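Each of two forms of one protein chain follows alone as structure tokens, named structure 1 and structure 2.
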Structure 1
């Protein structure tokens, strides 16, 4: 069978558009799988895992991560739950701080700020459901006061943001962020 030129041109145009849509979708979905430097990777440059590492102050041309607020100081902690549950503990002398928990793909798992934390101190425990059932058999004394977050994500990171109300408070915030713990329970 022979197609008329007009028909084959129309068919060609449709095929082009159809194929273009498929390629567009593949490219958009493929980008997250082929990223060279994720936020999870970048944070590793600032110090070892399972401890809060102070990120450098957000200044022009020295941004540790993109889109950070220059009015804040940041500390980040990478963790892998196969190494055990992670306990976050911090007391930051500022009017506003917040913490976000993200998985290795950068999706939010949990977030809170100093008002929703319900206490002046941040004390939060992140673990897997199986680790929680082990912990329940022999609960630590302060389990009642902890914010317990169960997650199936094995690796992730936490970003702690603390507002610096005035440059004179910068040192105090620095010290508090450096002494914040992100480690093993007990």
Structure 2
């Protein structure tokens, strides 16, 4: 049985279009798996994990992360809770500072500023539920002074922001952000 030339052409065109659609769908669905441009990944370029790393000043088309406020200085700290709880500590000499905790997908886990904290100093502990149960057995001396954040997220980052009220204060804010800690309890 032979196929007519017209039917063969139609079948060939249909097969080509069908194959093109399948390849197109596979490529479109495969792109997110192969492109790593998350905020978590971008922050790694600015320094080691478990340390606040000062991000460059915000300039148009040159932002370290999207939507950063140009009137603020920013420092970021990546962490993995499998390495233990993370203690954040900072004293920032400005009228407004804030810290945001994000998971590795960039979703907000917690946000705090000096006004809601009721203190000028940041003292915050982030840990998993199992780490919290261990901590309760042997609490550190300053536990009552810490804001304790419990999360199931294993990896994430903190973004510490400090308002710069005047350019003459920029260096003092830089020094404070560089001296902020993002480490272990101890």
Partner chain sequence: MTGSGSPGQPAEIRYGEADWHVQDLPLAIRPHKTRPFRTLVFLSIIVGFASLLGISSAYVMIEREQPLNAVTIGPWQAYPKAGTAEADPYSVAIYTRGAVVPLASGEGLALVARQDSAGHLLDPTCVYRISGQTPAARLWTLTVTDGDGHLVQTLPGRVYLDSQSLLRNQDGSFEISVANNPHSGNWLPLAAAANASDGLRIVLRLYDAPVTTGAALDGIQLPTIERQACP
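None of these values were measured; they are calculated from a predicted model. Positions refer to the first chain, counted from 1. The term rigid core refers to the maximal set of C-alpha atoms that superpose within 1.5 Å between the two forms.
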Query raised in the report: Which of the two structures shown, 1 or 2, corresponds to the form predicted on its own?
Result: 2
Query raised in the report: Do you see a C-alpha shift of 2 Å or more at residue 60 between the two structures, with the core held fixed?
Result: yes
Query raised in the report: Taking the rigid core as the frame, does residue 12 move its C-alpha by 2 Å or more between the two structures?
Result: yes
Requested in this report: Could you check whether the CA atom of residue 25 moves 2 Å or more between the two structures, using the rigid core for the fit?
Outcome: yes
